[in-house]
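The chain below stands alone and is given as structure tokens, in the form predicted on its own.
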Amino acid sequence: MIKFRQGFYADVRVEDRFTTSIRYRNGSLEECKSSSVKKAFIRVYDGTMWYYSSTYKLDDIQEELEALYKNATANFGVYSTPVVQKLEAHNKQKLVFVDNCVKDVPEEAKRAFLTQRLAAFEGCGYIKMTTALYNDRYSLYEFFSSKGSHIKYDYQMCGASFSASYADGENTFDDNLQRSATTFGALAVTEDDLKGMVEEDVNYLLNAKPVEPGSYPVILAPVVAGVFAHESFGHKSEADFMVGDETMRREWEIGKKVGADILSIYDSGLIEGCGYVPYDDEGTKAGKVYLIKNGVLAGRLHSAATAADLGEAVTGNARGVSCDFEPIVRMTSTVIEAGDKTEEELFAGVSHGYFIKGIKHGSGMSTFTLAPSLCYEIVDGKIGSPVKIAVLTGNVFETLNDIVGLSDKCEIFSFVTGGCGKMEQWPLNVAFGGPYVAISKMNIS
């Protein structure tokens, strides 16, 4: 039983994390390990400063808490301070995965999931290296605060990634197929899926031609649209970028027109998958937060501190990558909302442009850069020959305004082989997605 002192705000979050990591390279087992770690992160706030502690020794939580109190200064008005007023108090238990837990799946079954599918790579002379990865994680969280919170919930993800490196002389290409699920039984990758990937990749290796640099209409596949939303807009919606920066606050003023009328982007911790966070690491309940609504800047992502600083509501986005770190403002699942056109209607509207089917990585703030993988020419509304595109670049606001069509179905992606990085905290589990997105012009080279 944790005992909190008067004159301070304090909270304790505890995570019991189980993980599995299995890797085969060129069909040979290279790594197979499981681990369990239980740790606590403890905070004390006296109205002026935060004091932190992290420990593996859960029997010493009270002792660690008392040490933080000694460093802080008692303030019997701390609950009237703007930050503490923003902090919520909840008593809730939400255990979704405890009866279908990846901890209970035998290691042999996890290894077999990979090895039974490796035959898809056999017989292709262009493949020089293959990698097959399986990762899973189950976390049981518990949160206590001096405002009366006691929250308990669990989180689970598992996934597989199959990668291949191809070469034809000096011409090379790398690609991968990833799938994820919240339970092992729902994880779905077939040998036919992988054979289809290999067939498409070899065609791309042998036939893709360099693009002529310029500005062209493009259609982004849902996974690319999701990365674009995350990298080019989501990070700028994290409100800690605006604290103490008047220029940034003016640029990102709520109510400002920032995109096409058809564009809405939201962030939500309630979507099952990598970004599932029903309560953040300050005990704030998650919700659906519109960042852009019908082309207008509608909201941003907050911790209690940033919400107090900007005079806005908390959003459930204070997250630490683990109990080694303090919570900072982070995305959960960031999604472009679907539109009203079919995929076929979007392509029919492009006489000459490019379809960006896959993505390697992206980055951006006021400007963005996307490094695609599989790309195809669009000719008279039809997907044509494969093309090599190194980067897509542009100004974020200009590109958001150049969106001219959104398909009527949205796909959300959870990648378990990586995560989002911010400052020293990486990799954080997040998800992203969207529909097919048609943009009137993007800079391509």
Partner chain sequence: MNQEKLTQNTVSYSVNITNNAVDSFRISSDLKTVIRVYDGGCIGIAGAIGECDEDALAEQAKEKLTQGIPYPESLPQGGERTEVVENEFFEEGEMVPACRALVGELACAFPGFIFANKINTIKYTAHYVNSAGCDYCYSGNTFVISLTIKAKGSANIMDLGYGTTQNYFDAKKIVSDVGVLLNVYENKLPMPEEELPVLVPTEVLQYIATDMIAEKYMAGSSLLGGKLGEQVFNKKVSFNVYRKTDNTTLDPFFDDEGTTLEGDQCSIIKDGVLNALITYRRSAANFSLPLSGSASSDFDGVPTFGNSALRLMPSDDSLKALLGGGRAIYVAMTSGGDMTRSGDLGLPVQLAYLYEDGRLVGVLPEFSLSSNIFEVLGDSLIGIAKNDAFQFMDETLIATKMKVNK
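Every value quoted in this text rests on a predicted model; they were computed, and no experiment measured them. Residue numbers count along the first chain shown, from 1.
Below: the form predicted in complex with the partner chain, not depicted.
Figure note: of the listed segments 246-254, 95-103, 138-146, 191-199, the one touching the partner chain in the model of the complex, with heavy atoms no more than 4.5 Å away, is 246-254.
The three residues 154, 215 and 344 each lack any heavy atom within 4.5 Å of the partner chain in the model of the complex. Checking 113, 241, 290, 79 for any heavy atom within 4.5 Å of the partner chain in the model of the complex turns up a single hit: 241. Only one of the listed residues (162, 279, 166, 355) places a non-hydrogen atom within 4.5 angstroms of the partner chain in the model of the complex, and that residue is 166.
Using a 4.5 angstroms limit between non-hydrogen atoms, residue 393 touches the partner chain in the model of the complex. Although the partner is absent from this view, residue 41 contacts the partner chain in the model of the complex, with a non-hydrogen atom inside 4.5 angstroms. Taking the partner from elsewhere, residue 326 is found to have a heavy atom lying within 4.5 Å of the partner chain in the model of the complex. At least one heavy atom of residue 37 is located within 4.5 Å of the partner chain in the model of the complex. Applying a 4.5 Å heavy atom cutoff to the partner chain in the model of the complex picks out 23, 25, 28, 29, 30 from 8-30, in order along the sequence.
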